[in-house]
Structure formats: C-alpha cells, structure tokens
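We begin with a single chain expressed as structure tokens, specifically the form predicted on its own.
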C-alpha cells in the first residue's frame, strides 16, 4: 500500500475511532503511530517518532502561555467579577429595548477579554443573567439563547485559548491572531445587540421588561463595577499590542494581576487559590495531550504526502480561496457537532492550513475562519458543549436541553451570517 493511501486510510480510521467514543488525543496518537509504522515498516521508528514529537510539541517557550491565561481566567471567574460586570453593564443598557439582553451580550464580550474560555462564560452567566432575565419578563428560551449565543465570544475575543492552540499547532503569531480576533468578536457582539434591539421592537412580548429596577443593578454607581475587568484587559491586551511584553509574558502579568485584584477585593482566599491552581493543572494537562496528538498526527500526514495531494486537488478543482474557505468551514462545523472546539481545531487545521497557504490565504484570516467555524459547533446539536453547560447549570429550574437548542437557534443563524461575512471580507480580520 502506498504512503498516500495510508494517509487517506488514517483519516477514515480517526473518524471511526472518534465516533466510537475514543478520546481525540488518543485516537490521533494511535493512528499516527500505526501510520508511521505502515509507511516505514519499522515499529520502533514509529515509537521514536511519536516520543520525539510529544517532547518537542510542548517544550517550546510559547506553550507557557496556556496555563498562564487559563489561570488568569479562572481567577477572574472564581472571584465573582463576572457577576459584577453583568450588574454594571446592565445598569448602562437598562433604557434600551431588550436592555437586559444587550447588557448580557456586552458583559459576555467584556468577560471574554479576561477569560478566553467560552465554557466559563456560559457557566457564570447562566447563574447570573438567566434568572434576572426571566424574572424581568423574558421568554425563558430567549434568555437561554442569549447566554448560549453570547458565551461563544469567550473564544473569539482575545485572549482566546483556541487562538493559542491554533498558533502553537501552525507556528503562527499569537499576537497577530489576538489582533485578528478583535474585528470578528466586535462584529458578532454588534450583530447580537442589533438582533435583540430589533426583537424588542418587533416582538416585545418575548422580553417584557416589567422590572427595570433589577435587583442585580440596584446600587448607585454600580456601572463602576466593570472597572476591574477593563483594567485587567487593558493591562494584558494593551501590553501585547503596545509591544511592552510578549503574549507569554502577558499571560504571567494577567494571572498575577487577576489574583491581586481578587485578594485586594477580599474575593479569594488561600483555599480558592489552591482550587483554581489545581483546575489550571487539569486543563493544561488536557490541552497538552491534545497538542501532542495533533503534532504527531500532523507529522504523519506530511510523511504520507496527504497534504500535498489535497493541495493539488484543491488547485486543479478551481475552487479558489473563497470557495475553499466556505467548504472548509462547512467541514469544521460538521466536526463541531461531535467534537469540542479545541479538538475540532486540532483535527482540521493540519489538513486545511497547507491548502490555505498554497491558495494565498492569509494565515491569520484562515485561523480566525477556522476558530469561528469551530465556535459555531458549540451551538449545534448533538454535542454543543455550551448548551450542555447551560442546561446542567439550570437543571434545577426545569430547563430541558431542547429548550436550550431552540433558544439558541436564532443566534446560530446570526453566527453563520457573520462567518460568511468574515470569509468574503478578510479586512474584518486584518484591519489591525
């Protein structure tokens, strides 16, 4: 069997193993080992290759950015600043039609600037925003959809864990990806807000805000509660864009600043610091396994010649850069129905990245299209991880998973429209 045939066969085997329930990292590593063994005819050569790739993939200095940004996000979330942020923004938007929904979206966008994880946003705002919207008169499904839809901003607005993963996997600049994520993140935030304001005018019965003096926003001057998050975001992102420090150094500064803010506000003790440190270790270990599996998988594909074959096919088909991005986005979205967004990136990027470079697509543009497509998967059944998080958080309130799916569907459509705009107009990503 030729090396190219082994490469194509490995794709089918990986898909079969993932659908059967095997962990993505394990499936990638096992199939890559078998692939190298089949191509070279030497088992121990394959083992040596896997061990070397495993060591090299996480030994780089830039990998240190992962635990640092995870720690920063967990510290900020644990200290309750997300609840304060929602209160402050809700006070500012309370006079708008659908003001509480708009406030939830904007608060999620601000929360994204210091967390970088969509699941954290979904968990925090499920407990804070949904009860307040329902109490205020919102249709429950709409309230669920607002939180699920806006939670994806956690991975689109920098700093983002998905951007870091893509950068490590493709050797792309983390800072450039962070800059590229600003446009899509702000555009999606604006699109959600416009949709909700329009809904407030056209379907006011869905969000009858009968309690403008919301309990969560009763205190005078509570708009000032957003200041800690703004300071932290300005410190981290301002330092990166201003050239003061690297993304890895920014992660260290952000993690330290988040801990100091929490301690200064007496929001966190030693027990809490220990708990989020353990959680950071767990998340980082999981990310390590995924990166190792993806690195081995990418190397095996190169050895088989599969990327070159796909490049030749894409070139001869005449599909063009825009057509390729639409097709690739569709594949990523389909993968997102069965995988989490990180796994989707790690499976799809090694296949699509060489083709994108050959077709002259900017790496940053391709990266943001890939990340955006993976985030669409967070809202799509049957996997839709954020939907599961919201449903689990609100289970005691009688919320069913079907309610979450139906509530998030309009926001899914908005995301697909924005994804199409990002593909058609690269300037949305590359304007900075």
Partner chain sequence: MSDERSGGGGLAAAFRLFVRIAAIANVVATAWIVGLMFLIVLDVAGRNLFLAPIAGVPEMVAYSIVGIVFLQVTHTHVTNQMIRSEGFVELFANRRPRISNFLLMFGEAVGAVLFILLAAAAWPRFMSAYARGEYVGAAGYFQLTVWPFFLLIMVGSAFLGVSYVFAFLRLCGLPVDGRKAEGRG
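Numbering follows the first chain given and starts at 1. Each form is matched to the other, and the largest set of C-alpha atoms that superpose within 1.5 Å is called the rigid core. None of the values given here were measured: they were computed from a predicted structure.
From this point on, the text means the form predicted together with the partner chain, which you will not see here.
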property: Partner-proximal stretch of 238-246, 98-106, 79-87, 129-137 relative to the partner chain in the model of the complex, 4.5 angstroms, heavy atom; result: 238-246
property: 4.5 Å heavy atom contact, residue 313 and the partner chain in the model of the complex; result: no
property: Touches the partner chain in the model of the complex: residue 334 (any heavy atom, 4.5 Å); result: no
property: Interface membership of residue 64, the partner chain in the model of the complex, 4.5 Å heavy atom rule; result: yes
property: Contact test in the model of the complex: residue 414 vs the partner chain, heavy atoms, 4.5 Å; result: no
property: Site test, 203, 371 and 425 vs the partner chain in the model of the complex, non-hydrogen atom cutoff 4.5 Å; result: no
property: Rigid core superposed: residue 360 CA moves 2 Å or more between the shown form and the other one; result: no
property: Core fit, then residue 330 C-alpha moves 2 Å or more between the shown form and the other one; result: no
property: Rigid core superposed: residue 289 CA moves 2 Å or more between the shown form and the other one; result: yes
property: Residue 18 and residue 342, C-alpha gap in the model of the complex relative to this structure (3 Å or more); result: farther
property: Residue 148 and residue 288, C-alpha gap in the model of the complex relative to this structure (3 Å or more); result: closer
